[in-house]
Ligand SMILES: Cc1cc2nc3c(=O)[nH]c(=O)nc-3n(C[C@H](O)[C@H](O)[C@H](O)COP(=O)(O)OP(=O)(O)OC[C@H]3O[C@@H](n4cnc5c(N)ncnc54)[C@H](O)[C@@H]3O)c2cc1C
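Only one chain is given next, in C-alpha coordinates, and it is the form predicted on its own.
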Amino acid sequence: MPTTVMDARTPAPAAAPRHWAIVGGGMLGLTLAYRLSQAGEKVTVLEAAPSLGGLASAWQVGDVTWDRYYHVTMLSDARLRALLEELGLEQDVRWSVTKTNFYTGSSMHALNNSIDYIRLPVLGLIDKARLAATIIYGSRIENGRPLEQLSAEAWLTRLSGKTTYQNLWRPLLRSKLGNNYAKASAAYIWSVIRRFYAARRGGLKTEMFGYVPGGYRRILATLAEKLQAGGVTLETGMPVTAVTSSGNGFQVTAGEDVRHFDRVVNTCASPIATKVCAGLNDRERLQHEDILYQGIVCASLLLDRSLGGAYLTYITDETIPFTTVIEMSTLIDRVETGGRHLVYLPKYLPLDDPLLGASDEEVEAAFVPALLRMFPGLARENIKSFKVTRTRHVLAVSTLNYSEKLPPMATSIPGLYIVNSAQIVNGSLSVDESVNLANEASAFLIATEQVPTGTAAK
(Lines give C-alpha, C1' and ligand atoms only; values in the text may rest on other atoms or scores of the structure.)
Protein backbone atom coordinates (compact mmCIF):
# COMPACT_ATOMS: atom_id res chain seq x y z
CA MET A 1 0.00 0.00 0.00
CA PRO A 2 1.58 3.37 -0.97
CA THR A 3 2.64 5.68 1.80
CA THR A 4 1.89 9.40 1.67
CA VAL A 5 5.02 11.41 2.36
CA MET A 6 4.54 14.92 3.81
CA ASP A 7 7.18 17.64 3.87
CA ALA A 8 7.15 21.27 4.96
CA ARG A 9 5.37 22.27 1.74
CA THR A 10 2.49 19.84 2.27
CA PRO A 11 -0.41 21.48 4.19
CA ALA A 12 -1.48 19.62 7.29
CA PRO A 13 -4.95 18.08 7.06
CA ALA A 14 -7.61 20.37 8.44
CA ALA A 15 -8.78 19.45 11.93
CA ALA A 16 -12.40 18.44 12.20
CA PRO A 17 -14.52 21.27 13.59
CA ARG A 18 -15.33 20.95 17.26
CA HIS A 19 -18.95 20.89 18.32
CA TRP A 20 -19.69 23.76 20.70
CA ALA A 21 -22.73 24.13 22.90
CA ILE A 22 -23.65 27.73 23.65
CA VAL A 23 -25.92 27.80 26.70
CA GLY A 24 -28.12 30.87 26.40
CA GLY A 25 -29.60 32.42 23.28
CA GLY A 26 -29.46 36.12 24.12
CA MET A 27 -27.56 38.63 21.98
CA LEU A 28 -24.32 37.59 23.69
CA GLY A 29 -24.79 33.88 23.00
CA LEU A 30 -26.08 34.39 19.45
CA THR A 31 -23.24 36.73 18.49
CA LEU A 32 -20.74 34.32 20.02
CA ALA A 33 -22.27 31.47 18.01
CA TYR A 34 -22.06 33.61 14.88
CA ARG A 35 -18.34 34.34 15.39
CA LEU A 36 -17.46 30.72 16.19
CA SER A 37 -19.32 29.49 13.12
CA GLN A 38 -17.47 32.05 11.01
CA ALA A 39 -14.25 30.47 12.31
CA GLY A 40 -15.40 27.10 10.98
CA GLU A 41 -16.67 25.60 14.23
CA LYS A 42 -19.87 23.57 14.61
CA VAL A 43 -22.26 25.28 17.04
CA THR A 44 -25.54 24.48 18.78
CA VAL A 45 -27.34 27.16 20.81
CA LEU A 46 -29.53 25.92 23.68
CA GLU A 47 -32.01 28.52 24.96
CA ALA A 48 -34.33 27.85 27.90
CA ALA A 49 -37.06 30.29 26.83
CA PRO A 50 -39.56 29.58 24.03
CA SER A 51 -37.89 32.23 21.87
CA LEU A 52 -34.43 33.65 21.30
CA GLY A 53 -33.18 37.01 22.46
CA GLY A 54 -33.03 37.03 26.26
CA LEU A 55 -33.23 40.64 27.42
CA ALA A 56 -33.59 41.71 23.77
CA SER A 57 -36.58 39.46 23.06
CA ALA A 58 -39.94 40.84 21.96
CA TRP A 59 -43.34 40.36 23.57
CA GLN A 60 -46.90 41.54 23.18
CA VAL A 61 -48.53 44.33 25.18
CA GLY A 62 -52.17 44.72 24.23
CA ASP A 63 -52.15 44.37 20.45
CA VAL A 64 -48.58 45.70 20.09
CA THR A 65 -45.47 43.54 19.71
CA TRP A 66 -42.22 45.27 20.60
CA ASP A 67 -39.11 44.77 22.71
CA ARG A 68 -39.64 43.36 26.20
CA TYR A 69 -37.18 45.90 27.60
CA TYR A 70 -36.30 49.33 26.25
CA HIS A 71 -33.45 49.35 23.73
CA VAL A 72 -32.02 52.03 21.47
CA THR A 73 -28.99 52.24 19.21
CA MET A 74 -26.64 55.15 19.83
CA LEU A 75 -24.33 56.78 17.33
CA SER A 76 -21.44 55.58 19.47
CA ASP A 77 -22.53 51.91 19.39
CA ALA A 78 -19.85 50.95 16.87
CA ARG A 79 -19.83 47.20 17.62
CA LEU A 80 -23.60 46.82 17.38
CA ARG A 81 -23.75 48.93 14.24
CA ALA A 82 -21.03 46.77 12.66
CA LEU A 83 -23.08 43.65 13.41
CA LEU A 84 -26.18 45.29 11.96
CA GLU A 85 -24.13 46.07 8.85
CA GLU A 86 -23.20 42.38 8.54
CA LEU A 87 -26.90 41.52 8.81
CA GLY A 88 -27.84 44.05 6.15
CA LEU A 89 -29.82 46.16 8.65
CA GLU A 90 -27.58 49.10 9.50
CA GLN A 91 -28.78 51.16 6.55
CA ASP A 92 -32.34 50.77 7.84
CA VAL A 93 -31.65 52.36 11.24
CA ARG A 94 -33.82 55.41 11.72
CA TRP A 95 -32.13 58.19 13.66
CA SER A 96 -33.95 60.85 15.64
CA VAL A 97 -33.15 63.74 17.94
CA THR A 98 -34.67 62.90 21.32
CA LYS A 99 -35.64 65.05 24.26
CA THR A 100 -34.94 64.59 27.95
CA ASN A 101 -36.83 65.77 31.02
CA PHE A 102 -35.85 65.97 34.67
CA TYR A 103 -38.42 65.41 37.42
CA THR A 104 -37.52 66.84 40.81
CA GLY A 105 -40.59 65.69 42.74
CA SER A 106 -42.43 68.96 42.50
CA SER A 107 -41.94 69.94 38.88
CA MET A 108 -40.79 68.78 35.43
CA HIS A 109 -37.91 70.46 33.65
CA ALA A 110 -36.46 70.11 30.14
CA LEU A 111 -32.84 68.95 30.07
CA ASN A 112 -31.74 69.12 26.45
CA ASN A 113 -29.12 71.86 26.11
CA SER A 114 -26.86 74.19 28.05
CA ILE A 115 -29.69 76.70 28.58
CA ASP A 116 -31.83 74.00 30.20
CA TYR A 117 -28.96 73.09 32.52
CA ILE A 118 -28.62 76.72 33.56
CA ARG A 119 -32.35 76.85 34.36
CA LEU A 120 -32.32 73.64 36.41
CA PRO A 121 -33.73 74.73 39.80
CA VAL A 122 -32.14 72.12 42.08
CA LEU A 123 -28.62 73.49 41.54
CA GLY A 124 -26.93 76.89 41.80
CA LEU A 125 -24.83 78.34 38.97
CA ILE A 126 -21.53 77.14 40.43
CA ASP A 127 -22.99 73.67 40.99
CA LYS A 128 -24.22 73.57 37.40
CA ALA A 129 -20.82 74.58 36.10
CA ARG A 130 -19.20 71.81 38.14
CA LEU A 131 -21.79 69.32 36.90
CA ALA A 132 -21.06 70.23 33.27
CA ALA A 133 -17.33 70.02 33.93
CA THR A 134 -17.76 66.57 35.53
CA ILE A 135 -19.62 65.25 32.50
CA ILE A 136 -17.12 66.68 30.02
CA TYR A 137 -14.15 65.46 32.08
CA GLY A 138 -15.65 61.99 32.52
CA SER A 139 -16.41 61.68 28.81
CA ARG A 140 -12.76 62.30 27.96
CA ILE A 141 -11.34 59.60 30.22
CA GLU A 142 -10.30 56.72 27.96
CA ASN A 143 -9.48 54.07 30.57
CA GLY A 144 -11.87 53.61 33.48
CA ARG A 145 -9.78 50.97 35.23
CA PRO A 146 -8.13 53.40 37.73
CA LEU A 147 -11.61 54.63 38.71
CA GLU A 148 -12.38 51.19 40.16
CA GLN A 149 -10.32 52.20 43.19
CA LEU A 150 -12.71 55.05 44.05
CA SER A 151 -16.34 54.92 45.09
CA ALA A 152 -18.81 56.69 42.83
CA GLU A 153 -19.78 58.85 45.81
CA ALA A 154 -16.22 59.99 46.50
CA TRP A 155 -15.42 60.71 42.84
CA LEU A 156 -18.66 62.58 42.09
CA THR A 157 -18.50 64.60 45.31
CA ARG A 158 -14.92 65.63 44.57
CA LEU A 159 -15.71 66.73 41.03
CA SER A 160 -19.27 68.05 41.27
CA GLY A 161 -19.46 69.10 44.90
CA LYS A 162 -21.52 67.86 47.82
CA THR A 163 -24.69 69.75 46.85
CA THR A 164 -24.74 68.36 43.32
CA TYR A 165 -24.04 64.87 44.59
CA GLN A 166 -26.85 65.01 47.16
CA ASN A 167 -29.44 66.65 44.87
CA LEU A 168 -28.68 64.96 41.57
CA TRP A 169 -26.08 62.18 41.44
CA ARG A 170 -27.14 60.32 44.59
CA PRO A 171 -30.84 60.06 43.62
CA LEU A 172 -29.84 58.89 40.14
CA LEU A 173 -27.47 56.27 41.56
CA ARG A 174 -30.12 55.08 44.01
CA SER A 175 -32.71 54.85 41.25
CA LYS A 176 -30.41 52.54 39.27
CA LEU A 177 -28.72 50.60 42.07
CA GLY A 178 -31.04 50.83 45.07
CA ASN A 179 -29.22 50.33 48.35
CA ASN A 180 -26.20 49.05 46.42
CA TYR A 181 -25.41 52.58 45.20
CA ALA A 182 -22.85 53.05 47.98
CA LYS A 183 -20.95 49.96 46.79
CA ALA A 184 -20.52 51.14 43.19
CA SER A 185 -17.14 52.30 41.98
CA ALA A 186 -16.56 55.49 40.03
CA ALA A 187 -16.00 53.30 36.96
CA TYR A 188 -19.73 52.53 36.89
CA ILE A 189 -20.94 56.12 36.60
CA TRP A 190 -18.03 56.95 34.28
CA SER A 191 -19.22 54.28 31.83
CA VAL A 192 -22.74 55.72 31.88
CA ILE A 193 -21.49 59.28 31.35
CA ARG A 194 -19.23 58.21 28.51
CA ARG A 195 -21.89 56.31 26.58
CA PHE A 196 -24.61 58.93 26.88
CA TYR A 197 -22.28 61.84 26.20
CA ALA A 198 -21.07 60.11 23.03
CA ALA A 199 -24.70 59.88 21.85
CA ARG A 200 -24.99 63.64 21.82
CA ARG A 201 -24.03 65.87 18.95
CA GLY A 202 -21.91 68.79 20.10
CA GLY A 203 -21.47 67.86 23.73
CA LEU A 204 -24.39 68.94 25.90
CA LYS A 205 -26.65 69.64 22.92
CA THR A 206 -28.95 67.12 21.26
CA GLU A 207 -29.13 63.35 21.53
CA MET A 208 -29.32 61.08 18.49
CA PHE A 209 -30.87 57.68 19.13
CA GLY A 210 -31.86 55.11 16.54
CA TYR A 211 -33.82 51.89 16.08
CA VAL A 212 -34.35 49.25 13.42
CA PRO A 213 -37.96 49.22 12.17
CA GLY A 214 -39.51 46.08 13.57
CA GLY A 215 -37.35 46.33 16.69
CA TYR A 216 -35.27 43.49 18.05
CA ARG A 217 -37.81 40.99 16.82
CA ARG A 218 -36.57 41.78 13.30
CA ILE A 219 -32.91 41.89 14.32
CA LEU A 220 -33.15 38.53 16.05
CA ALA A 221 -35.03 36.93 13.16
CA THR A 222 -32.39 38.16 10.71
CA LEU A 223 -29.55 36.98 12.93
CA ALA A 224 -31.20 33.58 13.41
CA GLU A 225 -31.57 33.21 9.64
CA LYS A 226 -27.91 34.11 9.17
CA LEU A 227 -26.86 31.60 11.84
CA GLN A 228 -28.90 28.76 10.40
CA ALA A 229 -27.56 29.51 6.93
CA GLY A 230 -24.08 29.12 8.42
CA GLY A 231 -24.92 25.72 9.90
CA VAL A 232 -25.66 26.79 13.47
CA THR A 233 -28.38 24.78 15.23
CA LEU A 234 -30.80 26.89 17.29
CA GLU A 235 -32.93 25.15 19.89
CA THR A 236 -35.42 26.93 22.15
CA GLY A 237 -37.33 25.54 25.10
CA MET A 238 -34.15 23.75 26.19
CA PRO A 239 -33.33 24.69 29.82
CA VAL A 240 -29.89 23.26 30.55
CA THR A 241 -29.75 21.71 34.02
CA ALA A 242 -26.30 20.12 34.02
CA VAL A 243 -22.96 20.38 32.22
CA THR A 244 -20.62 17.54 33.17
CA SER A 245 -17.16 16.72 31.89
CA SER A 246 -17.10 13.29 30.29
CA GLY A 247 -13.37 12.91 29.71
CA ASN A 248 -13.38 13.56 25.97
CA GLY A 249 -15.97 16.32 26.04
CA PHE A 250 -19.11 17.21 27.94
CA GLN A 251 -22.51 15.79 28.69
CA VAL A 252 -25.12 18.54 28.54
CA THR A 253 -28.49 17.77 30.10
CA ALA A 254 -31.60 19.71 29.11
CA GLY A 255 -34.71 18.17 30.57
CA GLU A 256 -34.60 14.47 29.69
CA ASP A 257 -32.33 15.16 26.73
CA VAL A 258 -28.60 14.42 27.15
CA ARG A 259 -26.15 15.46 24.45
CA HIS A 260 -22.40 15.25 23.93
CA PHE A 261 -20.36 18.32 22.96
CA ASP A 262 -16.64 18.92 22.55
CA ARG A 263 -16.74 22.38 24.13
CA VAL A 264 -19.29 24.34 26.16
CA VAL A 265 -19.75 28.07 26.71
CA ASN A 266 -22.28 29.03 29.38
CA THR A 267 -23.52 32.60 28.92
CA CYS A 268 -25.98 32.61 31.84
CA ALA A 269 -25.57 34.89 34.85
CA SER A 270 -22.97 33.59 37.30
CA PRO A 271 -25.38 32.18 39.94
CA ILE A 272 -27.12 30.14 37.23
CA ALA A 273 -23.94 29.11 35.41
CA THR A 274 -22.19 27.84 38.54
CA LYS A 275 -25.28 25.88 39.58
CA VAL A 276 -25.35 24.11 36.21
CA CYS A 277 -21.62 23.52 35.66
CA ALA A 278 -20.36 20.59 37.73
CA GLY A 279 -16.76 20.30 38.88
CA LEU A 280 -15.79 23.95 39.30
CA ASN A 281 -13.26 24.51 42.04
CA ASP A 282 -14.00 26.44 45.22
CA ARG A 283 -11.99 29.49 44.21
CA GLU A 284 -13.82 30.15 40.97
CA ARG A 285 -17.19 29.44 42.57
CA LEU A 286 -16.41 32.11 45.18
CA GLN A 287 -15.37 34.53 42.44
CA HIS A 288 -18.74 34.10 40.73
CA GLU A 289 -20.66 34.25 44.01
CA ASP A 290 -18.95 37.51 44.95
CA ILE A 291 -20.43 39.32 41.94
CA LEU A 292 -23.09 41.75 43.15
CA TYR A 293 -26.16 41.55 40.91
CA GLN A 294 -29.18 43.78 40.46
CA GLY A 295 -32.60 42.66 39.29
CA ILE A 296 -35.20 44.60 37.32
CA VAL A 297 -38.96 44.96 37.29
CA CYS A 298 -40.14 46.73 34.15
CA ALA A 299 -43.68 47.73 33.25
CA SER A 300 -44.76 48.31 29.65
CA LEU A 301 -47.75 50.60 29.14
CA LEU A 302 -49.85 51.50 26.15
CA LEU A 303 -51.42 54.95 26.41
CA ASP A 304 -53.87 56.79 24.19
CA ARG A 305 -52.03 60.08 24.74
CA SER A 306 -48.45 61.28 24.93
CA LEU A 307 -46.68 62.11 28.18
CA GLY A 308 -45.19 65.22 26.61
CA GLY A 309 -42.65 64.26 23.98
CA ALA A 310 -39.52 63.45 26.02
CA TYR A 311 -37.93 60.08 25.34
CA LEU A 312 -36.26 59.94 28.76
CA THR A 313 -37.35 61.44 32.06
CA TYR A 314 -34.79 61.31 34.86
CA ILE A 315 -36.22 61.15 38.37
CA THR A 316 -34.58 62.39 41.55
CA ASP A 317 -37.68 62.06 43.75
CA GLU A 318 -36.93 58.92 45.78
CA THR A 319 -40.64 58.41 46.54
CA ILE A 320 -41.28 57.47 42.89
CA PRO A 321 -41.18 53.66 42.73
CA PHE A 322 -39.61 53.38 39.26
CA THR A 323 -36.22 54.44 37.95
CA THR A 324 -37.05 56.51 34.89
CA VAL A 325 -39.82 57.04 32.36
CA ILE A 326 -39.06 55.92 28.81
CA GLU A 327 -41.59 57.09 26.23
CA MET A 328 -40.48 54.82 23.39
CA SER A 329 -43.09 56.13 20.97
CA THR A 330 -41.29 59.49 20.87
CA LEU A 331 -38.49 57.64 19.06
CA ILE A 332 -40.13 54.87 17.05
CA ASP A 333 -42.77 55.43 14.39
CA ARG A 334 -46.22 55.05 15.94
CA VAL A 335 -47.11 52.75 13.06
CA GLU A 336 -45.09 50.23 15.10
CA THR A 337 -47.47 50.68 18.05
CA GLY A 338 -50.79 50.92 16.23
CA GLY A 339 -51.00 54.65 16.92
CA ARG A 340 -50.67 54.14 20.69
CA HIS A 341 -47.93 55.53 22.94
CA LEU A 342 -45.55 52.89 24.33
CA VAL A 343 -44.00 53.69 27.72
CA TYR A 344 -41.55 51.74 29.90
CA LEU A 345 -41.29 52.15 33.67
CA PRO A 346 -38.19 50.26 34.86
CA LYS A 347 -37.08 49.72 38.44
CA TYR A 348 -33.63 48.28 39.19
CA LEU A 349 -33.53 46.40 42.49
CA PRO A 350 -31.17 44.58 44.84
CA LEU A 351 -31.98 40.88 44.79
CA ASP A 352 -33.56 40.97 48.26
CA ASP A 353 -36.10 43.67 47.32
CA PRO A 354 -39.67 42.34 47.75
CA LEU A 355 -40.82 44.10 44.58
CA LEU A 356 -39.03 41.40 42.55
CA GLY A 357 -41.56 38.91 43.90
CA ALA A 358 -44.59 41.18 43.70
CA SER A 359 -47.54 40.33 41.48
CA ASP A 360 -48.40 42.36 38.39
CA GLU A 361 -51.34 43.84 40.28
CA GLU A 362 -49.10 44.95 43.14
CA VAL A 363 -46.63 46.56 40.74
CA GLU A 364 -49.45 48.33 38.93
CA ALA A 365 -50.89 49.57 42.23
CA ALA A 366 -47.51 51.09 43.10
CA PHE A 367 -46.51 52.45 39.68
CA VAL A 368 -49.69 53.96 38.26
CA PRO A 369 -50.44 56.51 41.04
CA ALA A 370 -46.83 57.70 40.89
CA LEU A 371 -47.02 58.13 37.10
CA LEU A 372 -50.26 60.10 37.45
CA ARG A 373 -48.57 62.31 40.04
CA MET A 374 -45.67 63.01 37.70
CA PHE A 375 -47.97 63.81 34.75
CA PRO A 376 -51.08 65.62 36.08
CA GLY A 377 -52.74 65.65 32.65
CA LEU A 378 -52.70 61.85 32.54
CA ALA A 379 -55.76 59.95 33.75
CA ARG A 380 -56.15 56.28 34.64
CA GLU A 381 -58.44 55.75 31.66
CA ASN A 382 -55.61 56.84 29.32
CA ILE A 383 -53.72 53.65 30.24
CA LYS A 384 -54.99 50.96 27.89
CA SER A 385 -52.53 48.18 28.76
CA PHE A 386 -50.15 47.49 31.65
CA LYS A 387 -47.84 44.49 31.62
CA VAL A 388 -44.86 43.57 33.81
CA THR A 389 -41.68 41.65 33.09
CA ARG A 390 -38.98 40.74 35.61
CA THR A 391 -35.42 39.47 35.43
CA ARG A 392 -33.10 38.60 38.27
CA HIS A 393 -29.36 39.02 37.76
CA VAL A 394 -29.83 41.58 35.02
CA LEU A 395 -26.92 43.83 35.96
CA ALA A 396 -23.62 43.23 37.73
CA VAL A 397 -22.65 46.22 39.87
CA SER A 398 -19.15 47.53 39.22
CA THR A 399 -17.83 47.48 42.77
CA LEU A 400 -14.42 48.59 44.03
CA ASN A 401 -11.52 46.85 42.26
CA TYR A 402 -14.04 45.00 40.11
CA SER A 403 -11.64 43.85 37.39
CA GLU A 404 -9.29 42.21 39.89
CA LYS A 405 -12.03 40.03 41.36
CA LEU A 406 -13.69 38.76 38.18
CA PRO A 407 -13.38 35.08 37.29
CA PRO A 408 -11.71 34.36 33.94
CA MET A 409 -13.69 33.10 30.95
CA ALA A 410 -11.80 29.80 30.97
CA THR A 411 -12.82 27.66 33.94
CA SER A 412 -10.66 25.11 35.77
CA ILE A 413 -12.22 22.45 33.52
CA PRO A 414 -10.53 22.42 30.09
CA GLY A 415 -13.01 23.14 27.34
CA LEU A 416 -15.63 24.70 29.62
CA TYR A 417 -16.07 28.47 29.56
CA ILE A 418 -18.33 30.90 31.39
CA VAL A 419 -18.87 34.14 29.49
CA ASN A 420 -21.56 36.49 30.76
CA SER A 421 -22.42 40.17 31.12
CA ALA A 422 -20.58 40.40 34.44
CA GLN A 423 -17.43 40.39 32.30
CA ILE A 424 -18.41 43.68 30.71
CA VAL A 425 -15.72 45.60 32.55
CA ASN A 426 -16.00 49.38 32.86
CA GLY A 427 -18.88 49.55 30.42
CA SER A 428 -22.59 50.15 30.85
CA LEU A 429 -24.91 47.23 30.20
CA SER A 430 -26.12 47.54 26.59
CA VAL A 431 -26.50 45.42 23.48
CA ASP A 432 -23.41 47.15 22.08
CA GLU A 433 -21.34 45.98 25.06
CA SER A 434 -22.78 42.46 24.76
CA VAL A 435 -21.75 42.31 21.11
CA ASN A 436 -18.31 43.60 22.03
CA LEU A 437 -17.94 40.96 24.74
CA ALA A 438 -18.96 38.26 22.24
CA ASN A 439 -16.37 39.51 19.76
CA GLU A 440 -13.62 39.50 22.39
CA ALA A 441 -14.67 36.16 23.85
CA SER A 442 -14.79 34.43 20.46
CA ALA A 443 -11.27 35.64 19.65
CA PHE A 444 -10.09 34.34 23.04
CA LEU A 445 -11.81 30.98 22.62
CA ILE A 446 -10.44 30.43 19.14
CA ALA A 447 -6.92 31.39 20.18
CA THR A 448 -7.08 29.23 23.31
CA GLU A 449 -8.37 26.15 21.51
CA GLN A 450 -5.63 26.43 18.88
CA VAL A 451 -2.92 26.02 21.56
CA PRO A 452 -1.30 22.58 21.14
CA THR A 453 -2.13 19.93 23.73
CA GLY A 454 0.07 20.26 26.80
CA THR A 455 0.77 23.95 26.24
CA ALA A 456 -0.82 26.28 28.74
CA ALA A 457 -2.99 29.03 27.33
CA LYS A 458 -2.00 32.51 28.33
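Residue indices: 1-based, along the sequence shown. In this text, all values refer to a predicted model and were calculated from it rather than measured experimentally.
Unshown form predicted in complex with this ligand; subsequent notes refer to it.
Colleague: Can you tell me if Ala49 lies within 4.5 angstroms of this ligand in the predicted complex, counting non-hydrogen atoms only?
Modeller: Residue-level check for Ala49: yes, a contact with this ligand.
Colleague: Tell me, yes or no, whether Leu28 is in contact with this ligand in the predicted complex, where a contact means a heavy atom of each within 4.5 Å.
Modeller: Yes.
Colleague: Evaluate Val394 for contact with this ligand in the predicted complex, applying a 4.5 angstroms cut-off between non-hydrogen atoms, and reply yes or no.
Modeller: Taking the distances in the predicted complex, the answer for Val394 is yes, it comes within 4.5 Å of this ligand.
Colleague: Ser434 versus this ligand, in the predicted complex: is there a non-hydrogen atom within 4.5 Å?
Modeller: Yes.
Colleague: Establish, in the predicted complex, whether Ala152, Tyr293 and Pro350 all lie within 4.5 Å of this ligand, using non-hydrogen atoms for the distance.
Modeller: Contact check failed for every one of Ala152, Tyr293 and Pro350.
Colleague: Taking the partner as it appears in the predicted complex, which of 58-66, 39-47, 396-404, 410-418 has residues with heavy atoms within 4.5 Å of this ligand?
Modeller: Flagged stretch: 39-47.
Colleague: Sort through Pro239, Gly105, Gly231, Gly377 and report the residue having a heavy atom within 4.5 Å of this ligand in the predicted complex.
Modeller: By the 4.5 Å criterion, the partner-contacting residue is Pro239.
Colleague: Scan 139-160 and write down, in order along the chain, each residue with a heavy atom lying within 4.5 Å of this ligand in the predicted complex.
Modeller: If the 4.5 Å heavy-atom criterion is applied to this ligand in the predicted complex, 139-160 yields nothing.
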